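First, one chain by itself: the form predicted alone, in structure tokens.
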């Protein structure tokens, strides 16, 4: 029970990486509040997790709205019974395709969610986190936090920003008692990834097979791989780790394979 009674908030928690992280944290004894913009998906996530009402709660939240972020923190403190111990800023928006064909509204949506929304939600959480003796902020990055990729310029820019946030906030919030780390997976078979493929007109099954074959380990990470990394980084076992981007990428970032 490495996360026993740790009050945890997970944005983008209704599916994919967020849902897997919630499941892993609950299994380790945490109390979890799932936040997402999709209310029906939150209801389904709660049904899938089968957790006691006191251990699992949900809240609708648009992380691009400062008032929503402030409300989320207030709801979390009231519902979980104290300051937030772990805040997982996981909500994000996919994007694929050549920059020359990208609509300005689509570009702004990615930047607003992946950069501005992450900053606003972290900002709102700080006052709560700094009152916890074991505070940890986890940001969801990507392989595109450290590498570039053709026809992913907008998404890559947004995820490079996450790597910068991890370093800067670790320096800024360390003296306040808050550790800040990132988790950077490569392609993971989630609804998020499938949506990105669909937007780019790519056939999903073939793309996943090719992706697995391109990695040194011969497979792509699962949502559970991401969740286990999150458990470790939020636990006391990682109490000396901050400002770090943990690559969960089956070797993709090691070099050309």
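Values in this document were obtained by computation on a predicted structure and should not be read as measured data. Residue numbers count along the first chain shown, from 1.
Although not depicted, the form predicted in complex with a small molecule is the subject of the following passage.
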> With the cut-off set at 4.5 Å between non-hydrogen atoms, does residue 182 touch the small molecule in the predicted bound form?
Replying inline: no
> With the partner left out of view, is residue 128 within 4.5 angstroms of the small molecule in the predicted bound form by any non-hydrogen atom?
Replying inline: no
> Are any of the heavy atoms in residue 234 no more than 4.5 Å from a heavy atom of the small molecule in the predicted bound form?
Replying inline: no
>> How about residue 142 - does it come within 4.5 Å of the small molecule in the predicted bound form, if we only consider non-hydrogen atoms?
In response: yes
> Within 4.5 Å of the small molecule in the predicted bound form, do 62, 113 and 187 each have at least one heavy atom?
Replying inline: yes
> Looking at 45, 193, 56, 229, which is the one with a non-hydrogen atom within 4.5 Å of the small molecule in the predicted bound form?
Replying inline: 193
> Counting only non-hydrogen atoms, which stretch in 73 to 81, 165 to 173, 86 to 94, 130 to 138 is within 4.5 Å of the small molecule in the predicted bound form?
Replying inline: 86 to 94
